[in-house]
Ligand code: URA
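Form predicted on its own, single chain, as structure tokens, below.
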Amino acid sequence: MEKIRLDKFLSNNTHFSRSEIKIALRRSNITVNGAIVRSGDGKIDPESDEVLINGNVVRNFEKVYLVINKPSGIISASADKTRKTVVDLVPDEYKHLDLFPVGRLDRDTTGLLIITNDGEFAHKVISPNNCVEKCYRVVLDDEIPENAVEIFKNGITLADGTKCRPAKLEIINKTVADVTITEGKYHQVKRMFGVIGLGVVKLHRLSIGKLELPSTLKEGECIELKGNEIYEETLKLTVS
């Protein structure tokens, strides 16, 4: 990895401001590989050099991938002046990063959401051209008609004339089903069921690609995955 200035590394990977970093340098509170440094203009290798500030190891957060179990009532955004966002739910150690959700879930929709600072990865997941499957568990307000599976398979045309790609529908019981889509039109799942006269009572995302929401992950909690894990699970690609 290319070497970068120590002060830039600290600014990118901690919550400390530039002025606070300068103070820490003057007070000999920053070390690189065990040696005290008093200037931030020296260069380090983020992959191999160990940097400590106030006795705490500074981790290189070049690219981060968080899986969150989104609760209802939280919006899928990086920031909002009046409402709580999914980024507000991440642990403090990630708060200084420029994180954003990969795609979006409606405010009342729950389940699997990926939060990252990797724009290239996010684009690949969201792009309809890559046909990444997203599976949802749907609770409906009435019984599912017998021909619903075939209707979804053939591709539903929404009320405004928008044509949806073929979708997989698996009926769990009379009012519960799993639906898998490969695109993300506005309120798509709800509008698709609306075409066959059903209202969505509850919508919960189960998976993206092969990446499933961990059963042990409680609402509002998140876990970090490595880049190679999340690329392989969602995009079937490998990353070094």
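Since the structure is predicted, the reported quantities are computational estimates derived from the model, not experimental observations. We number the residues from 1 along the sequence you see.
Unshown form predicted in complex with the named molecule; subsequent notes refer to it.
Within 4.5 Å of some heavy atom of the named molecule in the model of the complex lies at least one heavy atom of His187. The named molecule is not shown here, but in the model of the complex it comes within 4.5 Å of a heavy atom of Leu203. Contact annotation for Thr109: at least one heavy atom lies within 4.5 Å of the named molecule in the model of the complex.
Although the partner is absent here, Ile156 lies well away from the named molecule in the model of the complex, with no heavy atom inside 4.5 Å. Leu105 is the sole member of Leu105, Ile114, Ala167, Val87 with a non-hydrogen atom lying within 4.5 angstroms of the named molecule in the model of the complex. The stretch in contact with the named molecule in the model of the complex, judged by heavy atoms within 4.5 Å, is 187 to 195, chosen from 43 to 51, 206 to 214, 187 to 195, 26 to 34. Shown without its partner, the chain has Tyr136 as the single residue in segment 130 to 153 with a non-hydrogen atom within 4.5 angstroms of the named molecule in the model of the complex.
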